[in-house]
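One chain is shown next in structure tokens, namely the form predicted on its own.
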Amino acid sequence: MTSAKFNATASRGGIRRRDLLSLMAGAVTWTTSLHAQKLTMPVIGYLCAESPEPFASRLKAFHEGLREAGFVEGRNVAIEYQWAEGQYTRLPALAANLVARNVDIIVAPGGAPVALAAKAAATNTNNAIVFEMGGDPVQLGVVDSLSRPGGNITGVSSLSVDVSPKRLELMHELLASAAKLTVVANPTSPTANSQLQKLRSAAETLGVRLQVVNASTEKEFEPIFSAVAEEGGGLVFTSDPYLAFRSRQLAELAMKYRVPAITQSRDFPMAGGLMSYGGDFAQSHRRAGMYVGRILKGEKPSDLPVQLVTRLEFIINMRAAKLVGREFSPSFVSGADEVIE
């Protein structure tokens, strides 16, 4: 088409050639600007051993902390999610994928296995790491010390692992006449052995016999509840992310077999289980989000001490107590942080 024909055609359409070229130039400029914004927006790599649904409340708390630090997903920060869907053996590959994508920060929430996978993958890289866990990060080799983490990693820890003996004590108080209590541990957990040592010591002090059973897959849950229902006594679950994120399944089995049980996570009594005692995960995930924001603003992980969430939650479910044929004493109820009617 000749220039004259083009001008005539454009004019009949209500737009002249020079106006069209101006619009095209503006569109190119706008697209280039948008692309530049995307390129300069920091990217968080969110590594999680579970799937989005059971992790929703934790993720919400993380976003709240991130927002308090001045960052909102999609507005001034992007998040690349990697979900292991409960298959913890996938964590190393997912962590390596985030490192390969060169994200600015790797968030490793939900326990020691995630933090350890992130640290192993990000060796000798510039990727900062912020973890969230219930165990001792120094004992697990995640950081050099709480006050000076060292390297490219810092984070938040609660007391869920350390208070496993308190769960045993609470169950013993409820079932004072029980000669034996059963402890459920995940043998694949990095903290299993240390927890069992403390639990055996506590059982000796309490004068109660301890039976330890292992569970690292969902198919192992029901036989445990069935056996305890026949033998009597109660179930005490160690602190472990795999067990904590299966609170609904555990609560359903506890009610099916009428077995008194206690876990670390409030999700358990909320789903119909008897009681829980552990760290406040909403606080720990919120603080992890705040730490990520501080690092995005320029602070170094090595200069940020590991935060300890010292608030513990004791939650009981009155309806569950009736279903398992137990009654909480007034002192037991008064000591609870939350009572579900």
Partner chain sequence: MIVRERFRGLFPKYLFVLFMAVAIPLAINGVVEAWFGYRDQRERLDQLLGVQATSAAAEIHDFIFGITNQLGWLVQVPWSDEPDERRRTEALRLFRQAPAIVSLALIDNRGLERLYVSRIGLNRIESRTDRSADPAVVGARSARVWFSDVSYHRGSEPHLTVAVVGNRPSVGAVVAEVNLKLIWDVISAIKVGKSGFAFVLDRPGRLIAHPDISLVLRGAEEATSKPFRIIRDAIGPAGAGFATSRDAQGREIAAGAAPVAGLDWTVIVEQPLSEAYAPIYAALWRTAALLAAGTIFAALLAYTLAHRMTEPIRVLEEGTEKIGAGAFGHRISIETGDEFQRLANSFNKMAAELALAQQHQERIAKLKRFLAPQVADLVDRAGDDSVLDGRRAEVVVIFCDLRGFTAFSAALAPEEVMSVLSEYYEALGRAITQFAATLISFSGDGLMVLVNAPVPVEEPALRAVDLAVEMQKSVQGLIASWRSRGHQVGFGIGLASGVATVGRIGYADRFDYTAIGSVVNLAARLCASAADREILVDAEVAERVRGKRSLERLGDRQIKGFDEAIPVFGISLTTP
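Computed from a predicted structure; not experimentally measured. Positions refer to the first chain, counted from 1.
Unshown form predicted together with the partner chain; subsequent notes refer to it.
Taking Lys180, Lys166, Arg90, Arg258 one by one, only a single residue has any non-hydrogen atom within 4.5 Å of the partner chain in the predicted complex, and it is Lys166. Of the candidates Leu296, Ala282, Leu304, Leu59, Leu304 is the one whose heavy atoms come within 4.5 Å of the partner chain in the predicted complex; the others do not. For the three residues Leu159, Glu173 and Asp337, a heavy atom within 4.5 Å of the partner chain turns up in the predicted complex in every case. Contact annotation for Ser147: at least one heavy atom lies within 4.5 Å of the partner chain in the predicted complex.
Within this chain, Leu312 lines the site of the partner chain in the predicted complex, having a heavy atom no more than 4.5 Å away. The partner chain in the predicted complex is approached by Thr205, whose closest heavy atom lies within 4.5 angstroms of it. In the predicted complex, the partner chain sits beyond 4.5 Å of every heavy atom of Val213. Only one of 268-276, 59-67, 46-54, 286-294 places residue heavy atoms within 4.5 angstroms of the partner chain in the predicted complex, namely 286-294.
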